[in-house]
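Have a look below at one chain only, the form predicted on its own, in C-alpha cells format.
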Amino acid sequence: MKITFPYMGSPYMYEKLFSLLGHEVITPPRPSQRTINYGVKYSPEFACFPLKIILGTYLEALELGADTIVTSGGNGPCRAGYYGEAQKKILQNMGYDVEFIIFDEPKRDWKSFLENVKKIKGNNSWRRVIKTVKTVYDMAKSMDKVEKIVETKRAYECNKGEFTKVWREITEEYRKIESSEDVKRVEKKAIERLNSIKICEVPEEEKIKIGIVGEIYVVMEPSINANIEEVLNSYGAEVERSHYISEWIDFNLIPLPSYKEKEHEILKKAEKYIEIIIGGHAKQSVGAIIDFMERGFDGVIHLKPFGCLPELVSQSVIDKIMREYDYPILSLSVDEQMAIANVLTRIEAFLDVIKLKKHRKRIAR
C-alpha cells in the first residue's frame, strides 16, 4: 500500500505511524493555493471548507502515487461524518482507483474499527503494532507539549523568527524518531533549546493571553487559518488552542475514562448554553471559551469554516457570552475567499480592545 492521509497540523505523526509499520508513505504537500483551487474545483459548492481542502490534499497525494487514503470519520451529527464517503465518491467519479480506510470512533462500530486496524497491521505482529502505536502516541503527546511552550514563549522573543526557526528544526528531529526512548531524548533537547532562546521580559500585567477555539481542522491547520498562532505571537500575545491532536486521541480513541476527564470537563462547562452534542465541535468550542475565561485568558478567537452548521450555532451562543461576561471574543469565518489583510486588521483591532480593557482595569484599581 502507498498510504496517504489528510494534512492537519504536523503530518509527521501520521507519517511515522505508517512508516514504522513498513508501509510506503506518501506525505501530502502542505496545503497551498493550488490545494485550495483543486479542492474547490471538484467539491460541491455547499460543502464545508475542510472537505474541500482535504480533497485537494488527496488529489495532490494521488498525483505523487498514493493508492490508499487513511482518515478518520466524523464525530456526532455533523457533515464531517460523511467526508470520507463523499470524497471517495468524488474521486471514483474522477476515475481514481483508490482505497479508503475510514476510522470512526471504536465505540460506534468495534467490528469495522478492528477490520481497519488489521488492514493497517499487515504482516506485523500485534506486539510490533502495540509498540508502534505507543511510540506514535508518545510522539504526539511530546510534540503538543513542546509546541505549547513555543506558543507561549514566542510572544516575547527578542529576535523575531527565532522560535519558529527552532521549532521547525525540532519537528524534523521528531520525524527521525524510531522509539519512545527517542521521543524522550528529542523532547529533552527541544526544551533545552527553547529555554536557551533570549526572550524580552514583559511586566505580568501587560501580558496578553488568547485562546483559539472552533472547528478542529481550521484551528489546527495554520496554512488555511492565516497562520494565526504565529501572527498573534508576533503581536506579543500568548496563544493556546482548544484542540491538540494528542487530546483528540485521548477522547476519541482510548477507551479509558481517565483519558477523557478533560474533554468531559470542557463539555460540562458548555451545558448552560448547549445541552447536547449537536455535531462537530460546537459544544467543545463554547466550553473551551468558558474554560479560557476562567483560567484568566484575556480573550478568545473563534474560527469557523464558512458553512459549518455546528459552529454557526456556537457563534450565536458566543454573542450571549460576550454580553453576559463582557468578554472579548472575535469570530472569524475561514474559507477560500478569506483575505489575509482583512484578518490581520481585525486581529490588530481585537488586540487593541483587549489592551484598552486591561489598561482601564489597572487604572480603576
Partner chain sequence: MEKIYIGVDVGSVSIKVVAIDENNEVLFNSYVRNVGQPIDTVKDELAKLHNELPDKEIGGVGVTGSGRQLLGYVLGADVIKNEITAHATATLQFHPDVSTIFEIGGQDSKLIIINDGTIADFAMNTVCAAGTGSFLDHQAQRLGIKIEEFGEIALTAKRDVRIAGRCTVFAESDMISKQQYGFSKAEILKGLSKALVRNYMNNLVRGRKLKPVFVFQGGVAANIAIKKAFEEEVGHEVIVPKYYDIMGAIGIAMLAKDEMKRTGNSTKFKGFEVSEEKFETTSFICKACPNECEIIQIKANGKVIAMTGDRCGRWSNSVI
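Everything numeric in this text was worked out from a predicted model, so none of it was measured. Residue numbers count along the first chain shown, from 1.
As for the form predicted in complex with the partner chain, it is not shown, yet the points below apply to it.
Within 4.5 Å of the partner chain in the predicted complex, a heavy atom is found for all three of 315, 330 and 348. Exactly one listed residue, out of 223, 152, 71, 142, brings a non-hydrogen atom to within 4.5 Å of the partner chain in the predicted complex: 223. Residue in contact with the partner chain in the predicted complex (any heavy atom within 4.5 Å), chosen from 40, 322, 62, 47: 322. Proximity of residue 365 to the partner chain in the predicted complex falls outside the 4.5 Å heavy atom cutoff. The closest heavy atom approach of residue 352 to the partner chain in the predicted complex falls within 4.5 Å. Only one of 295 to 303, 322 to 330, 48 to 56, 62 to 70 places residue heavy atoms within 4.5 angstroms of the partner chain in the predicted complex, namely 322 to 330.
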